[in-house]
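First comes one chain, alone, set out as structure tokens in the form predicted alone.
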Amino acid sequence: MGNQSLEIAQALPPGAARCPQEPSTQDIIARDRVAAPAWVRCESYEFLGDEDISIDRYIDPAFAKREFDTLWNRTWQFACREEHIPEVGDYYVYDIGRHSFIVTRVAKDDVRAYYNACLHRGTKLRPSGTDGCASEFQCSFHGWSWHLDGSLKESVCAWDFPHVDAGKFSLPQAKVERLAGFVFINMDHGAPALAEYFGPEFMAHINEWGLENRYIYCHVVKKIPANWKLNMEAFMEAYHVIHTHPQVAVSNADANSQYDIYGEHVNRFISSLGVLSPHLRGQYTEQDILDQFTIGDSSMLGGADRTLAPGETARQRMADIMRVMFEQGTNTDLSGVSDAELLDCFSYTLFPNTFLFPGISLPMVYRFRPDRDDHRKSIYEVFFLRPLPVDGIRPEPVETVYLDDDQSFTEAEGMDPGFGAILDQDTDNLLLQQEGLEASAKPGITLGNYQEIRVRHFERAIDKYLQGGA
């Protein structure tokens, strides 16, 4: 069967081959009782070549320096959620490499991002990793201070600084835009507007999700011993599921996942859940699939009936169970949400370093940042978002959980243990990959044309920035 599939693939145009085991993601979704919206029922794949990708980008510190010089200072980055800064004076510190920003609400509809450095002798005005509320930003060293609007409030012993023009001594700002409850910043004031940067297809999608009506109920941060791009790319495909996550393969149509690209800065996959992996075809029944379905917030599944009626599918029963359980567990109304949105993994990469998962069972945001001092390390953040309760009252954002290098994700407060174990499996591979690339005699990595298209699309965008384009 394997040789026959290879022969068929080789006879097709490059990138046209798909898993020979039906059904496709769109076939699966089309059978759901509660129909999916248009943003789910679409495809946007493009073949981008099949040449190897150089490993220098993962192992060469000079490559990391070029990224800081040409990429991070020109791209839109998710800095915080609006719920982090709900009131005037609230602030949140966002760092990327050596750069640091105070993101603050100056007025109800005015959010700014100030470079986090005193204009006197450079001391950070707020420590990294902090948030809070302030009426001014005062330097702890010599006491110079700035108003919320960034204008200079006081230079201590002003008589000694006749050369300082207060009107020209406002805090420098990054460009800021808000979208769906997220605050994005860009150091390049000549950068395109956020809608142009992400493109019309993605903007049409995100406007359907209502992510502004969600709140953070868990936020976990952990340093990973691998380059930030390896960290990101570990989550760009379902190709690894059968070997890295065998416990979920029984209810994950991994090899039939759908991959899409949108313009230069967005890509996605849809991985259907409640469906048997094509790798395991014929080895499990529909009842087995339902019995082993554990992904997501499994604590909400409670004592729901898991016995299938004749002819009933595991996927449909799972959708029905999860609709009731999530409504009860989160005090939300999900009657208008499709089965696919309830069950499936929708993963959108927003270049350079953010993943959005707009579904209900996996309501997440990932953020990946390079370690400022070591190209072999990166910072991985997981935010879990739930829909607002029906009473509309937004809970306060939870305290961030910082894990030590040797801690498991399962130890994080608020983390579903089953999902924490999946994150451990993902990140346990990364040190081996980093060290393997450094030891490799092969100068490049080889990618699948379809299942790893997000990796190629991502690396192509990086190359364009490093070459002065994009």
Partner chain sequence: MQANFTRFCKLDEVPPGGKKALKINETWVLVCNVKSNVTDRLFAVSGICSHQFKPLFNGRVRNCRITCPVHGARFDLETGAALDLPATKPIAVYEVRVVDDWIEVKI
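Residue numbers count along the first chain shown, from 1. All of these numbers come straight from a predicted model, not from anything done at the bench.
In what follows, reference is made to the form predicted in complex with its partner chain, a form of this protein that is not presented.
- The partner is absent here; in the predicted bound form, the one residue of 138, 100, 313, 155 having a heavy atom within 4.5 Å of its partner chain is 138.
- Though its partner chain is absent from this view, in the predicted bound form it lies within 4.5 Å of a heavy atom of just one residue from 162, 127, 167, 392, which is 127.
- Not displayed here, its partner chain is kept clear of residue 317 by more than 4.5 Å at the level of heavy atoms in the predicted bound form.
- In the predicted bound form, residue 84 approaches its partner chain with a heavy atom inside 4.5 Å.
- Of the heavy atoms in residue 132, some are within 4.5 Å of its partner chain in the predicted bound form.
- When contacts are judged by a 4.5 Å heavy atom cut-off, residue 150 does not count as touching its partner chain in the predicted bound form.
- Annotated contact segment (heavy atom within 4.5 Å of its partner chain in the predicted bound form): 86-94, selected among 86-94, 256-264, 239-247, 374-382.
- Looking at 380-401, the residues that come within 4.5 Å of its partner chain in the predicted bound form, counting any heavy atom, are 395, 396, 397, 398, 399.
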